[in-house]
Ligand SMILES: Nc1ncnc2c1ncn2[C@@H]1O[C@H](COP(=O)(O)OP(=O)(O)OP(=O)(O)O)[C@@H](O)[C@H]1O
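A single chain, nothing else alongside it, follows as structure tokens in the form predicted alone.
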């Protein structure tokens, strides 16, 4: 059985950055191989991890039918082959990306393929990190029905804290199961939680809520378009995430 971490939050709060640090922490702790899943159509996780994606699940919609007919195999079997081919292998982790469906239309097909990929691949890895699409709507698509550790990310603003409560309400409404709930309040002033944090932790029943301060090294890596994976081992944000992961997986 694999342990699935799922990160969700509104756009611009550093969710994907933190997802990459979760993956690095797991590899640092020797919990490899890790499966990294980028469920965001904007596909930013690969850049954070310093890998190149050559195939996305979203791109499969336009090609599978014709290719399946040409190769005389079922679409399901062809999709399995494409997912295996699209799996990017790196040091300590493998990655697959949803990407954007080509052409007009909804994400329904890509979502269904991603669900299949998660179901078929997850059991092959001891740990899985799922970086959800920014915003609230990703949860309503129910890409996964149950996770081991649900991580909701926000900034320290009052609107951000309210978003945490809305995310939690949506999780409950959609019936997404989880064993542990962790709240991360990113880019806080002085690394201190806002006053509303106690209220949010109480209303959600989160096992842990952490304040993460603004970090110059991570900001510089982003400005230089360098992978967050390159952050120094002594970086305080990275050390906090590493300690969190160590505690969670005990």
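Numbering follows the first chain given and starts at 1. Everything numeric here is computed off the predicted structure, so don't read it as measured data.
FYI, the form predicted together with the ligand isn't displayed, but the following is about it.
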Inset, instruction - Let me know the one among 34, 49, 218, 200 whose heavy atoms come within 4.5 Å of the ligand in the predicted complex, would you? - result: 218
Legend entry - the ligand contact in the predicted complex: residue 17, any heavy atom under 4.5 Å: yes
Inset, instruction - Tell me, yes or no, whether residue 194 is in contact with the ligand in the predicted complex, where a contact means a heavy atom of each within 4.5 Å. - result: no
Inset, instruction - Would you check, heavy atoms only and a 4.5 Å threshold, whether residue 56 touches the ligand in the predicted complex? - result: no
Inset, instruction - May I ask you to check whether residue 170 falls inside a 4.5 Å heavy atom distance of the ligand in the predicted complex? - result: no
Inset, instruction - Select, from the options 202-210, 24-32, 66-74, 186-194, the stretch whose residues sit within 4.5 angstroms of the ligand in the predicted complex by heavy atom distance. - result: 186-194
